[in-house]
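What follows is one chain in structure tokens, specifically the form predicted alone.
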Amino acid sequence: MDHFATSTSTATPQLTQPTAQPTAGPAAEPTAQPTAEPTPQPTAQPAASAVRSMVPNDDPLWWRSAVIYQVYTRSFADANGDGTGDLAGVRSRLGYLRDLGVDALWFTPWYASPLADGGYDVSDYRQIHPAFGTLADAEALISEALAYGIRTIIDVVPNHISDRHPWFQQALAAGPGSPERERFWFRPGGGANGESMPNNWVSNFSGDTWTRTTNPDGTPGEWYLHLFAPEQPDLNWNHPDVRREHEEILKFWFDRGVAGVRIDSAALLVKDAALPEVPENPGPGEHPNTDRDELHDIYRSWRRLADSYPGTRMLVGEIWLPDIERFAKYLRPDELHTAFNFDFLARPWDAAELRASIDATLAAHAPVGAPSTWVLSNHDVTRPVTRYGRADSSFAFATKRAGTPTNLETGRRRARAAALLTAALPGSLYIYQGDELGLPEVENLPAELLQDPMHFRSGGVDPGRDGCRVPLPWRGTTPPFGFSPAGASAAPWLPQPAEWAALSVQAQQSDPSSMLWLYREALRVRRQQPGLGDGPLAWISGPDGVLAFARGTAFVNVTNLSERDVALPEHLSILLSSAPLHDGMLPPDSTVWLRTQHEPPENAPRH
């Protein structure tokens, strides 16, 4: 029989002989059954100064262990029946989010926008998109969520703005050489008549990064840079107006009580002013538009601003960098608090791959004392249930193609195991809306309804990201499944599959075998079990294909990624299992949480 042994590099957990029978799904101490649709409890709209003082400041380290739920507002809940999710819909579901057990909500951009890229093309940071509500709605949501003990994190997009933003419209009107154009990257083209792009950088959305303007007389004009879509012109962060404006944006929202800011494309802001071609093998800091050293001065100034507010106002960066040392620089004590861990998300369902990612992640964060973040998906990537059911379960935008076969039964089993694995790792946990319901990617959306620019700029080869953005199912047996109110005037902006009736909140809330029940129990145990959240991890050696580790002195996670049942290490009881055990053995594609000692005193410190 295979045996488990604790790694000699860390403290040895005390494992004892089991005294309880293994169970599948939630173990003892289930929570009270929550309601599917809590009644909204609006409060009077507070002034900005009042909201500022409402941010919880009793735990300055809340962000190190927080469970953060990503809200894609357009697809969360529609309160007014127009087919688009809105802030009133989120307010009506705050009880659901409280019962789920989350600590904070991260909202993808909710600002005024033409929605050329799902709101990541902002035209006014101080106004809410009319389809989502008003600024008063946002302020009410922030304060009501705080009353439930839930903080709010907003999304800021500093690399670019919308081509409808007043700044860019002013730049177009002002013409070449004007001060208004200096806030962007306008350049004349090459060639005899300026017909060639200023350089050959490649867009993150495929295709070119330059679009040529048209002069008032109809003749071709200058070119402007956009690392994403043409509707998203890049800002020039060498310009003082750009830096000043974004600090004012942060103040505007911090004054309204937000507890954190997620920074989109955080490593792309600064460009080499000469706009040279990308070298074949750029060294550290040598890429002309990614990970420039000047970025760190920007984030130091943002950190000083955040630290000037009461409580901890957290900064989290979207940073895709293969160089671990360069990645860690953004997490020094005077810069960002945390950054997204995309390496773990992109790895395949393989023990060696996931172990390598966990080790590399913890090693990268250790020198700067920052906590790791863990996430299985977001609004940009294929949902876990679908991804983990594929022969190649890794994720990369370049390999996301329509028609890729998947086994949803396998994917669902692995997604359940992965949910417990990630919730047991050290640091903070992010959950993308709908993953707690086990929603699969919707891969058969009608072509005429697709809206993602990644789809169109790939020539239709890439299905884009709309399949993970389909509106959530809340109740009932037919679409819109309670996403919109009964008798709504419009269908949801993307259609929901009929089979989602079995995946609605209502269908899952009382089913101990459901994904929703598993998530609720996992977050309950994570909240109550000493040693989980931020803190050390001690690997336990065991059979090939198994990831086992201890957290604290009384908790062990075992994830079986092999093709055979495995015996469990000695334990006192089962806390939670992603699948039924087989005669006390953990089946393939499963995770179990074990209690290895009696509980410490109830008031034992968590950190």
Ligand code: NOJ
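Only a predicted model underlies this, so the values are computations on that prediction, with no experimental measurement involved. One-based numbering along the sequence shown.
Keep in mind the form predicted in complex with this ligand is missing from the figure; the text below concerns it.
Looking at Y120, you'd find a heavy atom of it within 4.5 angstroms of this ligand in the predicted complex.
Contact check for R98: no non-hydrogen atom falls within 4.5 Å of this ligand in the predicted complex.
When contacts are judged by a 4.5 Å heavy atom cut-off, Q232 counts as touching this ligand in the predicted complex. Using a 4.5 angstroms limit between non-hydrogen atoms, L532 is distant from this ligand in the predicted complex. Note that among 287-295, 429-437, 374-382, 182-190, the stretch whose heavy atoms approach this ligand to within 4.5 Å in the predicted complex is 374-382. None of E353, E318, D343, D163 but one reaches within 4.5 angstroms of this ligand in the predicted complex through a heavy atom, and that residue is E318.
R262 is the sole member of R262, R414, H226, H129 with a non-hydrogen atom within 4.5 Å of this ligand in the predicted complex. Of the residues in 198-213, only F205 comes within 4.5 Å of this ligand in the predicted complex through at least one heavy atom.
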